[in-house]
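One chain comes next, on its own, written out as structure tokens in the form predicted alone.
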């Protein structure tokens, strides 16, 4: 029986409870053995770089997942020249495991329309599956915008990996805004992360 490993990329600026719950839900729904959190240096799809440093974001992830045997973090994208491409990360992890291990790249539903523009998306889909998360209560992701680029089999593969996650109204953008106003965010991030943000004066 093949193993499944989820690769969860993002800026995680900062990581929050919504990220953790999404990772847990995806792992259970897809029957994966573990989730690897992969903070991006500078995404080619975003104009602005992360607010917190690479070191701070990496450490906040480590604190957030401490104690969970199923979660780990990789700094592979932070070690590469920027911008960071998903394909490079997928191929790096593909080289670490045999073909009996299924790699699953986890994205949010808002990324669906951008998939046809991802760098060498065909190679990504050959090396890994892409699982799309959507919040409970919302419509399932629609891949019609991808049909001009992807084959029918690729669309079918995408539609087989749609992951419902709990509706958690938390975003890193809102957290940063609250911190800039001096407001408490202890209920939105793990306690260790809240302490780290306070002790290092982040996002003020």
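Just so it is clear, the structure is predicted and the values come from calculations on it, not from any experiment. Positions refer to the first chain, counted from 1.
Below: the form predicted in complex with adenosine-5'-triphosphate (ATP), not depicted.
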Contact with adenosine-5'-triphosphate (ATP) in the predicted bound form for residue 171, defined as at least one heavy atom pair within 4.5 Å: yes or no?
yes
How about residue 25 - does it come within 4.5 Å of adenosine-5'-triphosphate (ATP) in the predicted bound form, if we only consider non-hydrogen atoms?
no
Should residue 130 be counted as a contact of adenosine-5'-triphosphate (ATP) in the predicted bound form, where contact means heavy atoms within 4.5 Å?
no
Should residue 190 be classed as touching adenosine-5'-triphosphate (ATP) in the predicted bound form when contacts are defined as heavy atoms within 4.5 Å?
no
Which one, 62 to 70, 140 to 148, 171 to 179, 26 to 34, holds residues whose non-hydrogen atoms are within 4.5 Å of adenosine-5'-triphosphate (ATP) in the predicted bound form?
171 to 179
Taking adenosine-5'-triphosphate (ATP) in the predicted bound form, which residues of 134 to 150 have any heavy atom within 4.5 Å of it?
134, 135
Report the direction of the Cα distance change between residue 135 and residue 173 in the predicted bound form, compared with the displayed form, as closer or farther; the change is 3 Å or more.
closer
